[in-house]
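Consider the single chain below, provided in structure tokens and representing the form predicted alone.
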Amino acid sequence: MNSNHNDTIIIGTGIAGLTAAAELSARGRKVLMLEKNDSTGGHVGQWSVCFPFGISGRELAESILPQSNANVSIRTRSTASAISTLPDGSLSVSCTDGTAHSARTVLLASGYGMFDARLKEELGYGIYPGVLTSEDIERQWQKGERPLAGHSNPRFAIVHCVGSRDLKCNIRHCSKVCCMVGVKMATEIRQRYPDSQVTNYYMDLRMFDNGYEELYHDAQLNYNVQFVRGRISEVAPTNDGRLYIRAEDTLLGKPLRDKVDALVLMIGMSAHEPLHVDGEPMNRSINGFVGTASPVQINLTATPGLFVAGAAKGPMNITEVLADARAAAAETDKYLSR
């Protein structure tokens, strides 16, 4: 057992975990953060530009919690596997490397997984080089890479709701942010490739938050992004190295065929496998994400001292995650003050 007299252990160093750590540190709490990957920032840390902030995900993550913080220590390559309640009421987190860490409270900020686009075989991911996921292209841009740089007048198709609201894949939930990210990505493609043509294929657009509807109109009016209400049913390679796509325009009720240089799949959020707490899997919501104590106690779990924040509970956008993580930190601090 490795006990460093921590007040809180935070599992996950995405923007939810970093925000909660910064809040708890400001309240004088000692925090240990456990991160399964080599670096902090989570999914957002891999994005080239975050809407509506206008900065990269790495910049956003670094602005939340500066690297030097006397109250916060971070252990990377530490994958939490189970949580158990100790006789004194504190909690112990076991990791897959055989270590264990204890604290009075634990805050689960483990985020979300991404839908495996290979399960949608008709879209060709992992089969045809020109098929990319939204995360693939964000990583490339983050690294300074410029895919399709040698193409003249490149054509892009963006497919929404890949792994969201898909009963064939037993997925009922909406991933919530994909519409906005798809439209943001379309405008960014037009900025990076001024001679390109971009078409978004969608079921319906859920542009619900501040600035989202304006982003949608800006994409059409100022960037000439095309929107087609319909689903792509087939993708196949062409002799000239492009992709042939077959779709249906469900508004006009007619089939569509096109050739594109790249197909970008907006993959949805999925739940991680639940941690075991005191030998039992954590309670899960209807969509498989971490369940909370009640509909109004949204940062508490059924286990005393165990809290949850951010997209571990279900799809959220960045501003929602930041607010939720602050609320979770406040609940954790209140518990510690008893």
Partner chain sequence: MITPDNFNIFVIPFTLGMTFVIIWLLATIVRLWRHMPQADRRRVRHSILTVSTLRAAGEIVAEVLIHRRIWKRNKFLGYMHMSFAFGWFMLIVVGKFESLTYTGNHFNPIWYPLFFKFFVPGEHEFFLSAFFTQAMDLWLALILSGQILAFVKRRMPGRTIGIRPRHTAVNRAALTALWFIFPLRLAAESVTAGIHGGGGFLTGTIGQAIAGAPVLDSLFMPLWWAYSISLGVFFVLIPFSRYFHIPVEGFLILARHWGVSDEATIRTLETLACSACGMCLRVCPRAQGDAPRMQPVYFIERLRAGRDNDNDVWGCLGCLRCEEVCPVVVHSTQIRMARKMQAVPQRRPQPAPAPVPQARQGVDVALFAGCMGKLTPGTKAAMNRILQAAGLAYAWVDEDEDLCCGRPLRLSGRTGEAQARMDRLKTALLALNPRVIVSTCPICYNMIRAAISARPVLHHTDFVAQLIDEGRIAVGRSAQTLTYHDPCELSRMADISSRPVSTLAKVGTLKQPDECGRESHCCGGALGGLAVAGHERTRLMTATADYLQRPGAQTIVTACPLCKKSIAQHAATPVVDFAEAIAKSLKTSSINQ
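Keep in mind the model is a prediction, meaning the values are calculated, not measured. Positions refer to the first chain, counted from 1.
Keep in mind that the form predicted in complex with the partner chain is not shown, yet the notes after this line are about it.
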Exercise. Heavy atoms within 4.5 Å of the partner chain in the model of the complex: which stretch among 127 to 135, 179 to 187, 261 to 269, 95 to 103?
Worked result: 127 to 135
For this session: Using heavy atoms only and a 4.5 Å cut-off, decide whether all three of 169, 234 and 257 touch the partner chain in the model of the complex.
Result: yes
Problem set entry | Position in contact with the partner chain when the complex is considered in the model of the complex, options 151, 146, 246, 139, heavy atoms within 4.5 Å | 246
Exercise. Using a 4.5 Å cut on heavy atoms, which of 203, 119, 207, 114 is close to the partner chain in the model of the complex?
Worked result: 119
